[in-house]
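The chain below stands alone and is given as structure tokens, in the form predicted on its own.
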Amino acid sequence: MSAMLLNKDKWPEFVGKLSGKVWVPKVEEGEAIRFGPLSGEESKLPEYCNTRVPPKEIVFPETETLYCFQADEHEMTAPEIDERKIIIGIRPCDARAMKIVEKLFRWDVDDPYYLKHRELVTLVGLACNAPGLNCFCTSVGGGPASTEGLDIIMFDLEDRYLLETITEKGEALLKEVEGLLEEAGQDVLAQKEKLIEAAENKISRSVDTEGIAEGLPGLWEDPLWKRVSASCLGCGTCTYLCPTCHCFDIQDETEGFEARRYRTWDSCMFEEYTRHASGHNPRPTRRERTRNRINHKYSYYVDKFDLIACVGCGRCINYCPVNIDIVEILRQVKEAL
């Protein structure tokens, strides 16, 4: 596969030549970083550790119409998913999350919506030179320069980017802009390796996951769940900002005879998530809901797909309004085991 260099002063020309809708990290009001469509105003990628909202929303929209129908007829029409998208600057943890979630959407029944979005998207990753304070990707199978799920990985070399292709889709993308690139030499590749090593050494937090998947079911009634959930507000921030959370609700919406069925993100941390029509709720308090969240990511998903459903991005820690820390919860799980 190719290893090419792009001078940063050619960035606007680079993104302008790409065929497809380009998504890049953008600074929102309040200085939060979130992916958005390229508008032509972005002369470079912003300085950022990671976006607040994961780019999963591009392939798994927060609200998505499944089909439309006339309430007085039997015909249904599904929206066309045919737009090619290129996500540039996605961090390795978020690309890896898409690969993990894909296991679920290819499980017993293929999800045509998610899989079509994934088929049409090209992921151009940006390796981390400076991981965040709460990043722990190396503990859960990832890394600052992990290529899992990516088509191209970029490395920031101050005045230029190194672009390495990983898939045929990535090779095809670089062919669109080959006049702007030059081949990388061995000195550049050696510099890349030093950057990867330095980034891994900057990760200060870690989780020992050995034995957690097997041991969690035995801690079902352990007092730790009441303790770690005591301050939880049930706001759902940890799940909405998690790149591997994938729960959704399905609703029908009508106006006159015009109707649509759509799905929208949901959260297992909400009280009504498991409430039955009878009024019974098998997860009546935040204790049960916190226990389910941890078991799902670190036990149930491992049982089904042999993968931890967490990429160590640290968002749930960074943005929890009451400072609940999944690394600390897992430390207590290990102690209880």
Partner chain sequence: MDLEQLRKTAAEVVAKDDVKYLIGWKKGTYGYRVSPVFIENEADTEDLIFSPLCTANLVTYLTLVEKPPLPRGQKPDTRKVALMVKGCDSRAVAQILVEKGIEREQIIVIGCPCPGVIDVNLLVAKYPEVAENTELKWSGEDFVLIRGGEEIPVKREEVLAEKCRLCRYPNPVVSDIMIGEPVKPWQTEEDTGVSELEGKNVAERWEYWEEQFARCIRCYSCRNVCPLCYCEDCILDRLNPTWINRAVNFSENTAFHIARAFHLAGRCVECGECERVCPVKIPLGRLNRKLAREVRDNYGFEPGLDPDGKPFQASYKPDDPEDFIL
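Please read these numbers as outputs of a predicted model, since none were measured by experiment. Numbering follows the first chain given and starts at 1.
Keep in mind that the form predicted in complex with the partner chain is not shown, yet the notes after this line are about it.
- Considering the partner chain in the predicted bound form, the lone stretch of 165 to 173, 186 to 194, 237 to 245, 147 to 155 in range is 237 to 245 [heavy atom distance within 4.5 Å].
- The three marked residues, 29, 34 and 232, each reach the partner chain in the predicted bound form, with a heavy atom inside 4.5 Å.
- Contact annotation: residue 40 falls outside 4.5 Å of the partner chain in the predicted bound form, judged by heavy atom distances.
- Taking the partner from the other structure, the partner chain in the predicted bound form has a heavy atom within 4.5 Å of a heavy atom of residue 133.
- For the chain shown alone, residue 205 is a contact residue for the partner chain in the predicted bound form, at least one non-hydrogen atom being within 4.5 angstroms.
- Contact check for residue 270: a heavy atom falls within 4.5 Å of the partner chain in the predicted bound form.
- In sequence order, 317, 318, 321, 322, 323, 325, 328 are the residues of 305 to 337 having a heavy atom within 4.5 Å of the partner chain in the predicted bound form; the partner itself is omitted from this view.
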